[in-house]
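Let's start with one chain on its own, the form predicted alone, as structure tokens.
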Amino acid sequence: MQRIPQQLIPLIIMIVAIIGSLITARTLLVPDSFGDLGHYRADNTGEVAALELSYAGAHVCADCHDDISETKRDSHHSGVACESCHGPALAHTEAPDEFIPDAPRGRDGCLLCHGYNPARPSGFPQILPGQHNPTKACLICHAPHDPQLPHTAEDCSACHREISNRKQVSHHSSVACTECHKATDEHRASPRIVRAEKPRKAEVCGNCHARGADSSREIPRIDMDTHGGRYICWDCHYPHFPETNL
């Protein structure tokens, strides 16, 4: 009988230990109801159903506040549940005069979504609380059920805060956004419907950086015919914080 090579014995022991641990974990740690109704613990459905209810749901709010519901349905806040801002309202629906939902008047609630957070998608309205009307409540300028800008945004940073913050400390800090992007008044009023145009050709960068370009700025110059070959500028240089990759 051929003997097992000595170097394989520790590996076999480790494999057996791992398999034994998995079997033990499956027996002791996995709930009995796991898998009865799918890839989760089935007993959880009964436990959740037994919890005391506190939320009513937006459809119940609409039974009495149909005018507000209609206004909100066509607004930018159409996907925000009423109780996200006003708190649990089931008790109010059962005894409207006795339980009054919270009507937030400060800034904290709005900042949960609109305070600057770099993880949020570009184009989502964000503010820096210390710079954006710091002493005023949001309700003074914005109607919560149909939030609209009191006037067309004058600065791209109103929606593109992360890009604006990075650009402010870059070599492009003095370059206006509209030198590279075509942003119409319609885009400023309805940014999700009318998109701003992004540069598609290297000639946009060449307006400043090409040799002989009509620009008074003291900036790097390149030969547009030979520099970069088949690549366009932003394949190598991030336009909002350009650094040479040399």
Partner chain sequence: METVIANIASAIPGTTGYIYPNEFELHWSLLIVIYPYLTGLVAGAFILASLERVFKVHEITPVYRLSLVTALAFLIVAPMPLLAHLGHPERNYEMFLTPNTSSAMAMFGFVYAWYLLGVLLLELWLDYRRDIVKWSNEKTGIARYFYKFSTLGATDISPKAIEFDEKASRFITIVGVPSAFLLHGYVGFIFGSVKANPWWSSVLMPIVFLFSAIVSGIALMILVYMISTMFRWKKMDMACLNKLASFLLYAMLVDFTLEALDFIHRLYESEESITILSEMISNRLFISLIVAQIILGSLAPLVGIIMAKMGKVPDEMKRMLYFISALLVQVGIFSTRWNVVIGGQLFSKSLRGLTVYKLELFGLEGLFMAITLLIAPVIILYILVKLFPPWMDKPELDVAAAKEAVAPAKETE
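Note that the structure is predicted; figures quoted are calculated from it, not measured. Numbering follows the first chain given and starts at 1. Here, rigid core means the biggest group of C-alpha atoms that superpose within 1.5 Å across both forms.
Here the subject shifts to the form predicted in complex with its partner chain, a form of this protein not shown in this document.
Contact annotation for the candidate site: Ile18, Phe34 and His39 all lie close to its partner chain in the predicted bound form (heavy atom within 4.5 Å). This chain is drawn without its partner chain; in the predicted bound form, the residue among Ala143, Ile100, Val169, Leu149 with a heavy atom within 4.5 Å of it is Val169. For the chain shown alone, Val30 is a contact residue for its partner chain in the predicted bound form, at least one non-hydrogen atom being within 4.5 angstroms. The closest heavy atom approach of Asn165 to its partner chain in the predicted bound form falls within 4.5 Å. Its partner chain is not drawn, but in the predicted bound form it has no heavy atom within 4.5 Å of Ala176. At a distance threshold of 4.5 angstroms between non-hydrogen atoms, Arg26 is in contact with its partner chain in the predicted bound form. Partner proximity in the predicted bound form, defined as non-hydrogen atoms within 4.5 angstroms of its partner chain, places exactly one of 90-98, 113-121, 68-76, 134-142 at the interface: 113-121. Along 4-21, residues Pro5, Gln6, Gln7, Leu8, Pro10, Leu11, Met14, Ile18 each place a heavy atom within 4.5 Å of its partner chain in the predicted bound form. Once both forms are fitted on their rigid core, the CA atom of Asn207 lies less than 2 Å apart between this form and the one not shown. Relative to the superposed core, Ala189 shifts its CA atom by less than 2 Å between this form and the one not shown. Residue displacement note: Ser33 has its CA displaced by at least 2 Å between this form and the one not shown (rigid core superposed).
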